[in-house]
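As structure tokens, one chain now follows by itself in the form predicted alone.
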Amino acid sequence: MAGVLDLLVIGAGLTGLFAAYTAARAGLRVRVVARGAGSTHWHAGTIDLLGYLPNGQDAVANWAQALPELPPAHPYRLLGVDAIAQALDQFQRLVAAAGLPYVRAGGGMAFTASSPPEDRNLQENDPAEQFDDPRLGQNGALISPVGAARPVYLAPAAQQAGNLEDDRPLLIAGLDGMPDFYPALIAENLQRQGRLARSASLPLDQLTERRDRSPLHLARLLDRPAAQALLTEMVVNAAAPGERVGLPAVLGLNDHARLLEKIDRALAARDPDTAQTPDRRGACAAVFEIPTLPPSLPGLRLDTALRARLDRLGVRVEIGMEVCGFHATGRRIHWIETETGSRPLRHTARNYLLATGGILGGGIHGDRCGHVKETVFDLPLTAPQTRAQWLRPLFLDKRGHPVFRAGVSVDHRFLPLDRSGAPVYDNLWAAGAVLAHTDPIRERSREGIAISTGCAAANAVVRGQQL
């Protein structure tokens, strides 16, 4: 069986990529196949653990303390606080090693583990931390693309100075002619929340004459030193002493950290009496990014970082591979097939991990007759099979909609279960938004579930291979 894959991951979103990383780092031969790139390109780049309880209206202050209030079958309840915290610690080590550090959005912006990054060097292969920090689980509040407060647990370092626990005044600076970022709206909504905020518009035509001003184009432009110098000058001229400056998250695809540091230093040099900028970006940094409407540059950066680490581990990520069939005997899957231009392509592995997402991600399909189906293995779902029961009458119902809680039930090893509660297959795992008993968008838990369940399912595969 030399050369046979130990694990084939189906899905290339955050769940699939992090699960592949976890398994490959443990020594397994892994490959990822997916129909598309996943939702990483669409979200804000933050890691939301639990922003709202299923029936709650107020933001969750501490997800670790709120876990007992979740339903017993919720993925977080299957894992427990320690397993979730260990997965997050592993994630932070991965992205720090890839040059894209993430910090805690609450509790002083420290790292997840008990000691802050300034006190130690975060290494990808260090032993697991002991999670005895009393602030573990504390959410912070960052600024959404429309100026609302977003409950966030981990944030890219580029967004950390936008923490709304900081009472310094805010300047929301946009770029003239840039679509999908509205500084006046953001500032107005912040003012309604009692924040000191104002808006400004910077002349984009000084940076580029192109009419195509998409976030991706602007990010590539701002990777260039000349454009960085021009934008730095514009921000310094617009900002008043003591203000934090929120800019759209387009400050470079590969070099945004350098541009943020340049602007920070320029503001500190202009206002030496009020500047508090440290050697490393910290809570007193003066400039930060605000996510724009999709496509998301923070999400693209995260996807690039994850794929780069997978490439170093020898893991191939193959996009454009839509699963069209599989073969199993008894409780064991032997192979899957993906569509090609001529005939289906067969993929064989010892184990398979389903990370295709929920009904919004294409992992679950509902037809006009009211049938809801898992799209790869036709696994049993917890879903209303009458179309009239999918949605509540009110579109923005605070309880969410039943169809978005549809998913695959799993046991504590993340093996999908049949109607009787037994594993459907012995070599198939499931993780991420395809899981049942959770509404990740309503709960603001999508990325946390992706990382923690992807890690848990991959570790279960690793343990099975070691037996």
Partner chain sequence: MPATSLNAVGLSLNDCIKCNICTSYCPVSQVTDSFPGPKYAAPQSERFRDFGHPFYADDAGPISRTLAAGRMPDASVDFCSGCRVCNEVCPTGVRIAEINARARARIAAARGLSLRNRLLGRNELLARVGSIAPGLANFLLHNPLSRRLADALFGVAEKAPLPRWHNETLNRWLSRTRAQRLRSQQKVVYFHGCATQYYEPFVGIAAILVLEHLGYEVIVPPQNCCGLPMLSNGEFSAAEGYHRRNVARLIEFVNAGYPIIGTSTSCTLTLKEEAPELLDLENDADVRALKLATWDIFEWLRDRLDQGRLPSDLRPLHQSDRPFILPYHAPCQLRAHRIGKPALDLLARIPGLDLRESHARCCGIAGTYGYKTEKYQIAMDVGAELFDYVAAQSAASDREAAGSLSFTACDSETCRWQLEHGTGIPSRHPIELLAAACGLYDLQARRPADAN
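Positions refer to the first chain, counted from 1. Values in this document were obtained by computation on a predicted structure and should not be read as measured data.
There is also a form predicted together with the partner chain; it is not shown, and the following applies to it.
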item	value
The partner chain in the model of the complex: contacted by all of 35, 303 and 311, heavy atom 4.5 Å	yes
In the model of the complex, the one of 201, 340, 191, 382 near the partner chain [non-hydrogen atom within 4.5 angstroms]	340
In the model of the complex, the residue from 320, 80, 325, 242 that sits within 4.5 Å of the partner chain by heavy atoms	320
Contact flag, residue 73 vs the partner chain in the model of the complex, heavy atom cut 4.5 Å	no
Any non-hydrogen atom of residue 391 within 4.5 angstroms of the partner chain in the model of the complex	no
Heavy atom of residue 31 within 4.5 Å of the partner chain in the model of the complex	yes
Proximity of residue 316 to the partner chain in the model of the complex, heavy atoms at 4.5 Å	yes
Proximity to the partner chain in the model of the complex (heavy atom, within 4.5 Å), stretch among 257-265, 243-251, 332-340, 391-399	332-340
Partner contacts for 218-248, taking the partner chain in the model of the complex and a 4.5 Å heavy atom cut-off	220
